[in-house]
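Before any questions on binding or motion, here is one chain by itself as structure tokens, the form predicted alone.
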Amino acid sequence: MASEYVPILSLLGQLSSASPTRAWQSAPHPHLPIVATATSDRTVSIHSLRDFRILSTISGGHKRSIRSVAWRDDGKKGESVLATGSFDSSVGIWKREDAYTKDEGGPPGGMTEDDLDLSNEGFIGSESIRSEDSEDWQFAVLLTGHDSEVKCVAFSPSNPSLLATSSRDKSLWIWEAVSEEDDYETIAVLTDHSGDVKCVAWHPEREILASGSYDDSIRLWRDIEEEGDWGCIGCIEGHGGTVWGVTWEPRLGKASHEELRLASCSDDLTIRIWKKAAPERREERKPGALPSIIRPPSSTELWQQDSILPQMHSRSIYAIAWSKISGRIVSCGGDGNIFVYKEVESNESEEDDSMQGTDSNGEAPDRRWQVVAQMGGAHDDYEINHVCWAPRQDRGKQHDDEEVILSTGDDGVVRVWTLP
């Protein structure tokens, strides 16, 4: 059977740094129409998502490539806080008073439609907003402790005072901001992984952390009250290669009592969805009889595979992102391609099975994933290191829920894509 036609992404714009080198990762600001990009020239580029021009180049804090960036979303008026993870084994915390909100008179978390007006008097891209100098960013604190390259940094959305960092030294560290004077203390050093810890992702609503590793596993962590310390509450195995990325399902239309799923991508060319297993019912047995299975401690969670997305990539899948608006997943990898997947009812899916995923038993489930958009050679001949979703902010925006895809590549640029 001939493959079904898959629509192509459209290139909306391109963000280039002042000195193009390999770009590792991009992170849209949680409230402002800007994006931060980590690059191998030891700088972070800040671009506008309204007109795609460069606003700032942050430099001077690290001695080697900056591999990861993350914004802290604590709703503090007039201030942005950015964490940077570097190959020099350190983590930097940067702060900046937002000229955007200071000049326009509103906090990031309380922006109105007037703040985002697309006219010449708009929030970003107007004549009244200047390009900032790197000196406007203060290098507030340097966090040290890792013994090798820092691969990923992430602030907790449910408790922004918590920062997670992962490293090539096989460890995760959890830091807590204990004062407004930029004091951070280490509250946990987690060393259960047996290989590089490539990625970390916080649960969107709870203080639970997921990590992916070179040891092919995913681990879940939280503060275990009965033990009085952070520990591993679950180990998910199933991938046949390095786990490069993990991302949590957004709440969207799910009821508050429903558990959120977790997605992961790997060197084994698969994207897998995992769900928390239902608690097992205790069996009735005769006195003195042994249970049929060994049950884990109460703090341990059992997770099982929910589905495998259509296998589209021909080389390692480096990053995935789960949209908070549409619920779609986007992926990128070493083959330079981008794919977008949508979960649908089985009776709504296309006939071509190669474009559809399977459940944990390799069979067609009630709901399944299908490819709905793609872009081959999205950065020409270069690998794509990262991909993420962002609200659309440029003049061509048609509606409030419109979003774009940001891809970050070895060519040193970030490309902005719209869906068909």
Partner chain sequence: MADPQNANPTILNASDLPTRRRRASSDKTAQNGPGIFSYPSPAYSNDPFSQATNSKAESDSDSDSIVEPIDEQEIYDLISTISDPEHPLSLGSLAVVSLPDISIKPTIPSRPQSTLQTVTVLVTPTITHCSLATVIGLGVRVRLEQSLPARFRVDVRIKEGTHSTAEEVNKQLADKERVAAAMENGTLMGVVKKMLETCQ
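Numbering follows the first chain given and starts at 1. Remember, it's a predicted structure, so these values are computed and weren't measured experimentally.
Note that the form predicted together with the partner chain isn't included here; everything after this is about it.
*Asks:* H146, H193, R72, K151: which sits within 4.5 Å of the partner chain in the model of the complex by any heavy atom?
*Replies:* After the contact test, the surviving option is K151.
*Asks:* Taking the partner chain in the model of the complex as the reference, which of E79, E301, D268, D335 has a non-hydrogen atom within 4.5 Å?
*Replies:* Only one option qualifies, and that one is D335.
*Asks:* Taking any heavy atom pair closer than or equal to 4.5 Å as contact, tell me whether R261 reaches the partner chain in the model of the complex.
*Replies:* R261 lies outside the contact set for the partner chain.
*Asks:* Counting only non-hydrogen atoms and a 4.5 angstroms cut-off, does S346 reach the partner chain in the model of the complex?
*Replies:* Outside the cut-off, so no.
*Asks:* Is it the case that D410, even though its partner is missing from this view, gets within 4.5 Å of the partner chain in the model of the complex, heavy atoms only?
*Replies:* Contact with the partner chain, yes.
*Asks:* If you check in the model of the complex, is Y382 within 4.5 Å of the partner chain, heavy atoms only?
*Replies:* Yes, Y382 lies within 4.5 Å of the partner chain in the model of the complex.
*Asks:* If contact means any heavy atom within 4.5 Å, which of 136-144, 210-218, 174-182, 319-327 contacts the partner chain in the model of the complex?
*Replies:* The contacting stretch here is 210-218.
*Asks:* Using a 4.5 Å heavy atom cutoff, which residues in 156-176 contact the partner chain in the model of the complex? It's fine if the answer is none.
*Replies:* Counting only heavy atoms within 4.5 Å of the partner chain in the model of the complex, the single contacting residue of 156-176 is R168.
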